[in-house]
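Only one chain is given next, in structure tokens, and it is the form predicted alone.
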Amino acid sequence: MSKKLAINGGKRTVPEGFERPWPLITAEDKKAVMDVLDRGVLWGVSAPEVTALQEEWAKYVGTRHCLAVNSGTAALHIALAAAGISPGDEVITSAFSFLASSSCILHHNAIPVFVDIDPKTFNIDPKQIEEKISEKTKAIIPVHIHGLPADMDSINRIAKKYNLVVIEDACQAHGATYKGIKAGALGDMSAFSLNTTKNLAGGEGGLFNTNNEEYSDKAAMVRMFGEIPQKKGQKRDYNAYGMGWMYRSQEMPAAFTRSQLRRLDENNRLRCKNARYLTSHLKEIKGIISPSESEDSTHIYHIYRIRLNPKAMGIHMGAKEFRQKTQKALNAEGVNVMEWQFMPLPGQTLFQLKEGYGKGCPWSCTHARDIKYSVEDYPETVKLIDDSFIMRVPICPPNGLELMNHYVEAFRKVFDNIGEVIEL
């Protein structure tokens, strides 16, 4: 292996074109989609592929009910609506997630309240939840970030104490488990995303799960214009019984998702194998903090996040600057590391300006109390974003240990020449 850094003209460590994209699309996947076109049924809440996907996913997760929708955001939104969230109500969620974990709250005219994270798991810190609860708090949305379930026992205890609804954002946690129970069956309701990047890839789409029939019925109304879904043989009455949206799924994405679902557990196993191989080697490199796992949980590594500690190497440089320099050097070696999120959610312009729908709604609503969003209130989230980068596609099958070995070599090369890197 060349010792000269690629960023300075040396040979890159990872061969060009070695990394394979995600998801792997098979002949079976293509046939599943073509079968839909041959059948000629392309849509409908009771269409065969959507119905079968709902049944199969409910069984897989271990819940009585499942509704297929057109995004993970839609799944979160219909869960909030089913919970009876009203204008001015407050919903607690993590300061570290994708926007949808909080924008779904705004979609229902409620107010997001953010909590900082546990620095080891990157999930919402249960020890900080109670101080954010007010008389307006109605629900908690814990996010199983990167595929590691949140501390659900602690969260459910708090929810029971204050009579709050728990809605799992499991959009990154397909197949993850907590104390033997699958993510999505740990709260009152849950939401999954089927975006192409996810462990269960469906192109686009979402899934809503619950054991509560009343929640399922309410969510089904919100999914389709506020109408009561007709049973087989009934005529649609075209009457909205409440506010609703058009969140239906479609047959081709549902068919593709069903085909991918048959390989989900095996693909998760291969992800974990890749991730654990990386961890076993990267933890030996001074200055690298690899992700942790929990004895209680199964991490399915939707994202593999690496933290950096320049002080451990005797380097006195800001964490963000050190991360930027090492990221650039690793990218030059062919290592696909990148950033995911650039600020805590409450730091985004949406929450800083609080213009919302216009005229400050929903924050200006007469039912809402004054909420301020200060980035300084979420120090662990800020630290994590500054001192870490992620990899997603490299750990996905069909990529395997041969690619992981190239990555380990590249990390060693860069960190063996860290003085040269920081001078760049």
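Keep in mind the model is a prediction, meaning the values are calculated, not measured. Throughout, we count residues from 1 along the sequence that is shown.
If you look for the form predicted together with a small molecule, you will not find it shown, but the lines that follow are about it.
- The contact residue chosen from Gly184, Pro149, Pro344, Gly205 relative to the small molecule in the predicted bound form is Gly205, the criterion being a non-hydrogen atom within 4.5 angstroms.
- For the options Tyr277, Tyr162, Phe98, Phe225, the one in contact with the small molecule in the predicted bound form, meaning a heavy atom within 4.5 Å, is Phe98.
- Contact check for Thr326: every heavy atom lies farther than 4.5 Å from the small molecule in the predicted bound form.
- Contact check for Val143: a non-hydrogen atom falls within 4.5 Å of the small molecule in the predicted bound form.
- Although the partner is absent here, His107 lies well away from the small molecule in the predicted bound form, with no heavy atom inside 4.5 Å.
- The small molecule in the predicted bound form comes within 4.5 Å of a heavy atom belonging to Ser193.
- Each of Gly72, Cys171 and Lys198 comes within 4.5 Å of the small molecule in the predicted bound form, counting any heavy atom.
- Judged by heavy atoms within 4.5 Å of the small molecule in the predicted bound form, the contact stretch among the candidates 163-171, 260-268, 278-286, 229-237 is 163-171.
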